[in-house]
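This document opens with one chain alone, in structure tokens, the form predicted on its own.
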């Protein structure tokens, strides 16, 4: 079962409450998304650590309900 963009956003915001999240469905199939996530929690962390925080927020859905997620992460300017 495919995930809806609102569900992805809700999971990320539950883990990173201050996050500004933008989700784009890349293929129209509910399996391939791009996400831009801006959160103060990312400040001082490497890009890998930032992505790990987002993947952890998705609670194991990557590779199952969510096939692909292209991530752009950053701390607020």
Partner chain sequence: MTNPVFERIETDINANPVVLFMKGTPVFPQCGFSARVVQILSHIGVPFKGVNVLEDMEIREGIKAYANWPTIPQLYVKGEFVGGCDIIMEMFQAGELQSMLKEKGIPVSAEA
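Quick caveat, the model's predicted, so the values are computed rather than measured. Numbering follows the first chain given and starts at 1.
In what follows, reference is made to the form predicted in complex with its partner chain, a form of this protein that is not presented.
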Looking in the model of the complex, any heavy atom of residue 2 within 4.5 Å of its partner chain? no
With the cut-off set at 4.5 Å between non-hydrogen atoms, does residue 63 touch its partner chain in the model of the complex? yes
State yes or no: in the model of the complex, is some non-hydrogen atom of residue 19 no more than 4.5 angstroms from a non-hydrogen atom of its partner chain? no
Handout entry: Contact test in the model of the complex: residue 45 vs its partner chain, heavy atoms, 4.5 Å
Key = no
Contact check, 42-77 vs its partner chain in the model of the complex, heavy atom within 4.5 Å, ordered by sequence, gives 47, 48, 51, 52, 55, 62, 63, 67, 68, 69, 70, 71, 72
